[in-house]
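Just one chain is shown here, as structure tokens, and it is the form predicted on its own.
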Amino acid sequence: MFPLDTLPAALRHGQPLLWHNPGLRPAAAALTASGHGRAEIEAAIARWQRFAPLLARLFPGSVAADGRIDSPLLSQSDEHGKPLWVKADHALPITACIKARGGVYEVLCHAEELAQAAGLLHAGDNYALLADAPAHALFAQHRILVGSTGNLGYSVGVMARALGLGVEVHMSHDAKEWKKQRLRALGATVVEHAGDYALAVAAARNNAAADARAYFIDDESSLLLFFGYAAAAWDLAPQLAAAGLRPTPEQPLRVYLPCGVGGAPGGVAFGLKCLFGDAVQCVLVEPVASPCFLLRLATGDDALSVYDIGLDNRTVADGLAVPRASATVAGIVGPLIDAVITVSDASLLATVRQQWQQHGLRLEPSAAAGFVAHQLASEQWPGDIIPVVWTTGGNGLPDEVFLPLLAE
């Protein structure tokens, strides 16, 4: 057992913290050692492109005519009047959250596999045919299971139901009621658990294992999810170039990524390091009550949870309320993460208000994490950087949920 009393006192006491990763390695060496690389991301990008006609057909009101799922890069100024950039995945098409990049992608991958095995889809076909009646009848015989605090479940659910697949989402006690109702409105089965995220994932995994026609999307270890997220770096790069931003090791890109179990931020960080190498600093941001990825990086122990250091894993940032980091993701991106910052619930709520009042951004608390982290880093980790806050969800919040957040 790692000597827990050697961990930073602020971590154990649930206080905001900037932690520099002592295991950080030069990007080229870490990427080589990971056993993964650009080829897998480029394959995911090619797959996204094949699915574009299908997405344009299924979601004509939210996806652009070219079928791409991406978000804008917005410009702000931070509290010191310096430029701050916002990768606005809180407004991502279809789901209004970053989980579309992974959850939607893995559902599409599974649908492709089913259709190919049934002889409905061949090389060179227009993937829009997966919305036709024969494919719908095939998909209706199968179902997808996932464990979630909300956003991944919705991303999986909305894509699966659009194709005709059955969906069963296991949700933790942290999941908000409106997110459960939104899933039920799609026709998904919602299974509620009194336990946390890890318990919900385990239950979904076990149920799927007992059904030959069920497919489990594993937020803890899926490489399909991981590389679906990693492809986002290829969306950001041309936006930076269009804004005249060219990261260098002397003036690096510093990207703040809200982190739960680690799949989405880990995948994005991996993609960024593949593109920019040591000209990007990847910073994960976690609630003070749920710093599971920091704990994993600091100890190297996959079995440790935040409960083991006296924290309760209860936070207003429900999407980040995860007790134990993904061992798979930590094993791949651990040496690529520059730092982890933990933030308080009060600061998240204050930032939700500020971003709405000053910039009109509709964020959930999880998505506000990067702004808080940048403020702390500006004080404790100054430098000549190009800061990017990655917002991860919020445009889908109904008024009856969002407006009370502004009053808290």
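Predicted, not measured: the structure shown is a model, and the values here were computed from it. In this text, residue numbers run from 1 along the sequence as written.
Beyond what is shown, the protein has a form predicted in complex with a small molecule; the following relates to that form.
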Heavy atoms within 4.5 Å of the small molecule in the model of the complex: which of the stretches 165 to 173, 120 to 128, 205 to 213, 144 to 152 has them? 144 to 152
Is it true that D196, V201 and P291, all three, sit within 4.5 Å of the small molecule in the model of the complex, judged by heavy atoms? no
Taking 4.5 angstroms as the cut-off for heavy atoms, does P387 touch the small molecule in the model of the complex? no
Answer with yes or no whether I98 is in contact with the small molecule in the model of the complex, where contact means some heavy atom within 4.5 Å. yes
Do G262 and the small molecule come within 4.5 Å of each other in the model of the complex, heavy atoms counted? yes
Would P258 sit within 4.5 Å of the small molecule in the model of the complex, counting heavy atoms only? yes
